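In the block that follows, a single chain appears as structure tokens, in the form predicted on its own.
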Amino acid sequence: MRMVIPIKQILDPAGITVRRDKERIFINREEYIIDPGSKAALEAALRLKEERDQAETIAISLGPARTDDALREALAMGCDAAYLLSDPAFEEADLSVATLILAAAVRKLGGADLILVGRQSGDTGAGQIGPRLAEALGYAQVTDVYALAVENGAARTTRRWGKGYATVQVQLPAVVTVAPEAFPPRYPHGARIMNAYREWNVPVWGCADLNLEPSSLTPLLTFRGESFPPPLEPERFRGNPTTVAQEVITALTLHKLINPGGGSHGL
């Protein structure tokens, strides 16, 4: 069984500050990490690999040269192979173009039985790559998965369904997006970390390798700028205790922080 895990490298949020008053994002420390959703997808794939003979895990990532570090970390965690998708023609890729490139890479690998992706990325939170990739490849898909098993050519999953959970089974090949909280990632073994940099290779695939024409990589979206809402002003309540208590309950209800009839949602 071949499992392909598209991973994404993002800026470490710990080094970022958002200043609404200046309408700017300040990068105080430019350090990059594997997106938590991608790490959860890696963990889910590695758990399946441990349960099955002859299972193969392959990490792929679209990005600049620095993304090589993320792929070597995936190798250190336990992946069998990793490929970097990098080309000057890929630099302006939006979601539609990224999907096209990732799908071409999966086809070059000979297809996949299972593709595992994070539910959504930690930078944009779009949550579109998994579903888009499934549509591009014609694979079945299940999103927001909390438990996963493969048997008899099918993926048996447990996913969110309203306020509860549902069991969903799909035939392979399939794309599964996983919930990060359900698959806490393992720590790489020290020897594998050293081997990932000293002995193992991360091939780089560009347009020519993927049989893509640069003219087909025109993004549908163009970045025009960004702005931020002004800082929130604190709400103040004055009056007698009974009136203030009622106003606080009303405000929290409007912000969907509490449900007076059903308990707390966020407190």
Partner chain sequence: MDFSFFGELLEEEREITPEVTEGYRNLWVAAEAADGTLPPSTLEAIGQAREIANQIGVYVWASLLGDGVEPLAQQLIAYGADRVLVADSPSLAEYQPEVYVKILADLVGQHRPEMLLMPATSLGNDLAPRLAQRLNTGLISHCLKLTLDMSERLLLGTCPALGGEVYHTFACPQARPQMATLEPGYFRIPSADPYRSGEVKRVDLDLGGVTGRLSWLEREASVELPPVPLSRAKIVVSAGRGMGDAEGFALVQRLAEVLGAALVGSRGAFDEGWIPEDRIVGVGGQFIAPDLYIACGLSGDIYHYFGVQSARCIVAINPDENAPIMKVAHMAVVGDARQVIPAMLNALGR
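We call the rigid core whatever largest set of C-alpha positions still superposes within 1.5 Å between the two forms. Numbering follows the first chain given and starts at 1. The shown structure was predicted, so the numbers you read here are calculated from the model rather than taken from an experiment.
Same protein, other form: the form predicted together with the partner chain, not shown, and the subject of what follows.
Proximity to the partner chain in the predicted bound form, taken as heavy atoms within 4.5 Å, picks out 125 to 133 from the listed stretches 110 to 118, 125 to 133, 72 to 80, 189 to 197.
At a distance threshold of 4.5 angstroms between non-hydrogen atoms, residue 184 is in contact with the partner chain in the predicted bound form.
Interface residue remark: residue 86 is not counted as part of the site for the partner chain in the predicted bound form, having no heavy atom within 4.5 Å. In the predicted bound form, the partner chain sits within 4.5 Å of a heavy atom of residue 139. In the predicted bound form, none of the heavy atoms of residue 208 sits within 4.5 Å of a heavy atom of the partner chain. Annotation for 132 to 168: interface residues with the partner chain in the predicted bound form are 132, 134, 135, 136, 138, 139, 140, 141, 142, 143, 146, 156, 158, 159, 160, 161, 162, 165, 166, 167, 168 [heavy atom within 4.5 Å]. Shown in the overlay between the shown form and the other one, fitted on the rigid core, is a CA shift at residue 240 of 2 Å or greater. Core-superposed comparison between the shown form and the other one: the C-alpha position of residue 222 differs by no less than 2 Å.
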